[in-house]
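Below sits a lone chain in structure tokens, taken as the form predicted alone.
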């Protein structure tokens, strides 16, 4: 039985038919279990506490359970939480692809749902590339790239002081100090002041800012050609038309800045709400003319 099936079984056992509202909304981050509260639910806080206690008893390694009571909001993309069961602790060590990351769920954004995407992009990075990660958080993308691929350098930027400090710890924890270079500050300013013309590849894993920060991503590229991974939000429609529209949106944006696409692929990274998906466009770009 998979962990997801175990959670589903526990939720139905503890909450009956109401368990269907929550079992798929649980994430395991290190030894912390996070239940994302549905926007509309008949469950009470006591129901969630009972479920939390059951998760502590039944899932090996889970030591703390929290209820996410708000959506991801604000410039640092964090949530508000209510403690349900176990240790009243919000930091943990999260592991992914042989790497370890110290995180605090109340201070930084982290989700295991991006695990496949971290590895997918890392496998696209070529030997000796220089990568600029404009919205690095605690460094998961950057460090997985450093450990899985053989880049020359990964410049890893974040404006959140808490995320930056954890990133610095995580760089040391994973022994990639010679590859991953942390930068504290707004990505646009950091690029303009320190990283113009250095990169073979740029990551923009923050949908709220990816299109707005495209001029700075293009400036970070070292030559007339390079790769940028744009993460944007798209309204889904019937079929897969929205994936083509995502490429059109990115293409139009780079063309407005004097560049064009010479290659582009898109895929759904994850669903983030009713009818809304996070999509990545892997864009090969070149100067127009």
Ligand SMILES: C[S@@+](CC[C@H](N)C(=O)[O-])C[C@H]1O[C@@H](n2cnc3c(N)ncnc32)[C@H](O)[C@@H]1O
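Numbering follows the first chain given and starts at 1. Every value quoted in this text rests on a predicted model; they were computed, and no experiment measured them.
Not on display, but discussed next: the form predicted together with this ligand.
Assess the spot marked by 122, 151 and 228: is this ligand within 4.5 Å of a heavy atom from every one of these residues in the predicted bound form?
-> Not one of the three qualifies.
Examine residue 71 and determine whether its closest non-hydrogen atom to this ligand in the predicted bound form is within 4.5 angstroms.
-> No, residue 71 sits far enough from this ligand in the predicted bound form that none of its heavy atoms falls within 4.5 Å.
With the partner left out of view, is residue 186 within 4.5 angstroms of this ligand in the predicted bound form by any non-hydrogen atom?
-> Result yes; residue 186 sits at the interface with this ligand in the predicted bound form.
Is residue 75 close enough to this ligand in the predicted bound form to count, meaning some heavy atom within 4.5 Å?
-> Contact with this ligand, yes.
Determine whether any heavy atom of residue 211 comes within 4.5 Å of a heavy atom of this ligand in the predicted bound form, and answer yes or no.
-> No.
Contact segment among 85 to 93, 171 to 179, 156 to 164, 215 to 223, judged by heavy atoms lying within 4.5 Å of this ligand in the predicted bound form | In short, 156 to 164.
Answer option from 105, 99, 114, 130, heavy atom within 4.5 Å of this ligand in the predicted bound form = The residue in contact is 114.
Relative to this ligand in the predicted bound form, which residues of 262 to 289 have a heavy atom no more than 4.5 Å away?
-> Residues within 4.5 Å: none.
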